[in-house]
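In structure tokens, the next block holds one chain alone, the form predicted on its own.
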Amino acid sequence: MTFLRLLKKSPFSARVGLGMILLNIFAAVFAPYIAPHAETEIVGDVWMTSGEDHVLGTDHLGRDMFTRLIYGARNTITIAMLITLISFTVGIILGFLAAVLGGWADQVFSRVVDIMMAFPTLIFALMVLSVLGTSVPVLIVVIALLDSTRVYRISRALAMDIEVMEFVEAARLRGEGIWWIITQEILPNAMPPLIAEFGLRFCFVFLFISALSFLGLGIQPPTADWGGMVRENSGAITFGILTPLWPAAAIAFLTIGVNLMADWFLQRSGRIRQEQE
């Protein structure tokens, strides 16, 4: 069954969520063509209100807010997606290996993950970024490793449920290798909940980057980033100017869209499991 057929049978909330996601992706991909100005160009006075020349006004330096929002979508979404892909790749591989190999491999992987998860994520990230710096590569690696611990736990639990099933035992009796069992038997059966979890983890990473940027340790200026834009323009609230609410609304908009799609995947994976049982 193709994705389009699934989408036709999906609830209205899932279609709304997909539309919200596609709108953000469109803005991120075509940012140079949609934005009326350059990302760092100063086009007016500080905190100008919405008007014909500036749809959403200007920021604390006089840059066009609509332009900054569009480029912020490109920067924030791209980095969050890259981090989520890396964390899922590392977490799924290690989680599946721990479940299939068992023994010392499971103990070593699980204890390392336990140690990393013992520290509050935000405090651990702040500590590491304060020492290593706040460049984009360091930001990606640090958050990806921290997030991979959560993916590892979920992947290991799913793999442990699947690897005791009869079709996996049959594959072992045929002499199939570990990699074949993981890729051909365990992964396809674990995909529905993992896809749903991917959406949820993307939201977490996306919000985490915004939080770090708000604290000054995320994506650094003059690069546009929604969390950083909230921090930079937070003083406008004192004067009754709504400028910082635009990037905050953009963060909420994308988060809601991804969550609507993730909820649909979770419901669908639950129905599939009940039908199989």
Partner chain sequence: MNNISSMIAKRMGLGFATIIVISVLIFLGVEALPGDLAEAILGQQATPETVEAFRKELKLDLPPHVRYFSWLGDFLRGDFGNSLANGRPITGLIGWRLSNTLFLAASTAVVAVPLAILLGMLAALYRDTWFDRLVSVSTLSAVSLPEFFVAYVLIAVLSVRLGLFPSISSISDEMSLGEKIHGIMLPCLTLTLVSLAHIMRMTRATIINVLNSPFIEMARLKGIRQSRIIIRHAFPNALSPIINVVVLNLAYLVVGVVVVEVVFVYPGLGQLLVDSVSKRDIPVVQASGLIFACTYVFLNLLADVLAIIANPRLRSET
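Residue numbers count along the first chain shown, from 1. Since this is a predicted model, take the numbers as computed values, not measurements.
What follows is about the form predicted in complex with its partner chain, which we do not show.
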| query | finding |
| --- | --- |
| Ile178, heavy atom within 4.5 angstroms of its partner chain in the predicted complex | no |
| Contact of Leu101 with its partner chain in the predicted complex (heavy atom, 4.5 Å) | no |
| Any non-hydrogen atom of Met117 within 4.5 angstroms of its partner chain in the predicted complex | yes |
| Any non-hydrogen atom of Phe214 within 4.5 angstroms of its partner chain in the predicted complex | yes |
| Proximity to its partner chain in the predicted complex, single hit among Leu245, Ile34, Val43, Val29 (heavy atom within 4.5 Å) | Leu245 |
| Answer option from Leu85, Val141, Ala105, Leu126, heavy atom within 4.5 Å of its partner chain in the predicted complex | Leu126 |
| Stretch from 90-98, 68-76, 153-161, 128-136 whose residues place a heavy atom within 4.5 Å of its partner chain in the predicted complex | 128-136 |
| Partner contacts in the predicted complex for 248-262 (non-hydrogen atom within 4.5 angstroms of its partner chain) | Ala248, Ala249, Ile251, Ala252, Thr255, Ile256, Asn259, Leu260 |
